[in-house]
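Just the one chain here, laid out as structure tokens, in the form predicted alone.
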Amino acid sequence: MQLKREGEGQGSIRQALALAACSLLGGGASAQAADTPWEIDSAVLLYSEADGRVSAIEPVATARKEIREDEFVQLKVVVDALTGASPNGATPSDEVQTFTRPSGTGVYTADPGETPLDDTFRDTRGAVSLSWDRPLGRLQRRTLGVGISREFDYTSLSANGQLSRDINHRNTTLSAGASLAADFIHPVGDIPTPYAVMVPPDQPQPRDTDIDDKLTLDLLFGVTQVLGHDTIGQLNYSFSLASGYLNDPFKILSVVDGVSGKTRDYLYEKRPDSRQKHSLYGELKHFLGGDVVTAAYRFYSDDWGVISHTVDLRYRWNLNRENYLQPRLRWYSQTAADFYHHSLIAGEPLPEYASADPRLAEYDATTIGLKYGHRIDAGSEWSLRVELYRQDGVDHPDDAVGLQRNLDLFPETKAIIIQAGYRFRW
């Protein structure tokens, strides 16, 4: 076997990747473009909730390359691995509760006073996306992209495009984009019948079908404006319309006695089959010498009744040419969906829709963190980010009944987030 000189194999791989990308996008690359390096941005994120709840590890890598003058191709690969226990939607009780697993072939339990957690929460997701960014003249650009995401019980296919134009002596950039995603949901144990009663695993399970789907259209309109010698502003409006299967097949609701609060049954949730979302995002970036201050605000509303506010503040403090610190503070607050119920009352008519998913409840969340970065050379940098996350909801709601008044119906969630990143040229 003939041995290659150091770097010879890597160069061949880089050139092959560049030529393959160009062929995929419908054109050949010049020799000069094929020899330009790939810009690689990689990171590994660790997320861990307290008390043995959800944990996740997410490696991600983005490779970007100039294939012609001012024309770029970008490839992104993401892998998520999630484990732990996730709230199933049922309310705590004063006695041991037993639940049928989503597969319908076993049970799990929750102790008295504990938030019921589904300990079967396991998933691995892989996602790949490819985008192509090129100029359409001196003042215009367009970007086209496609993506695929695959989980054990979920598949998503997407395509997107964006146009941008510089005006006002290039002090203003206008942009508009659209994306379309088709998702296919095929959970373990098939898709539960909405409002069906959960039954023991030795009985026929109430299931509608083995697979369902949803379609999501996203539109984005934005403007970026130079506001002064040291300040840049950005304002984006986005609209999203999802239709199809929008339930979570693993979430249930407790049906409780209206006087004692004791649990009588468990029902599978039922959500609307469409959702419209509106979002307005604004950002200001101000340069203080070598430092950068970033302030962002996002307003969100949808036709499910959820309204949220997000404030995100970051300050990049350059210690010297090679090192920087970046503290961050993020605050988030949302109202509950119109059909959110922590439980249903036995004997009362069922509402048109109902879900006890904590993600649709009223809550506030705060993230505080610090990032450290070290520049190795002009094209290389490594960084480490550590953040603490805390989420608080309404733990003793006014409509709690009986024993529920003495139980925490929305326990606090705490998590730590650690991300290590490395950017380099290859």
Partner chain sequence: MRRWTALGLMLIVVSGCSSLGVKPWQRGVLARPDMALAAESLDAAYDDHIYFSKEASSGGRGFAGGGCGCN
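Just so it is clear, the model here is predicted, and its values are computed rather than measured. Residue numbers count along the first chain shown, from 1.
Keep in mind the form predicted in complex with its partner chain is missing from the figure; the text below concerns it.
At a distance threshold of 4.5 angstroms between non-hydrogen atoms, Phe152 is out of contact with its partner chain in the predicted complex. Of the heavy atoms in Ser93, none are within 4.5 Å of its partner chain in the predicted complex.
Under a 4.5 angstroms non-hydrogen atom cutoff, its partner chain in the predicted complex lacks Ile67 among its neighbouring residues. Contact annotation: Arg170 falls within 4.5 Å of its partner chain in the predicted complex, judged by heavy atom distances. Heavy atoms within 4.5 Å of its partner chain in the predicted complex are found in one stretch of 111-119, 345-353, 144-152, 201-209, which is 144-152.
Only one of Asp133, Asp273, Asp265, Asp80 lies close to its partner chain in the predicted complex, with a heavy atom inside 4.5 Å, and it is Asp80.
Between the options Arg101, His186, Arg125, Arg165, the residue in contact with its partner chain in the predicted complex by a heavy atom within 4.5 angstroms is Arg125.
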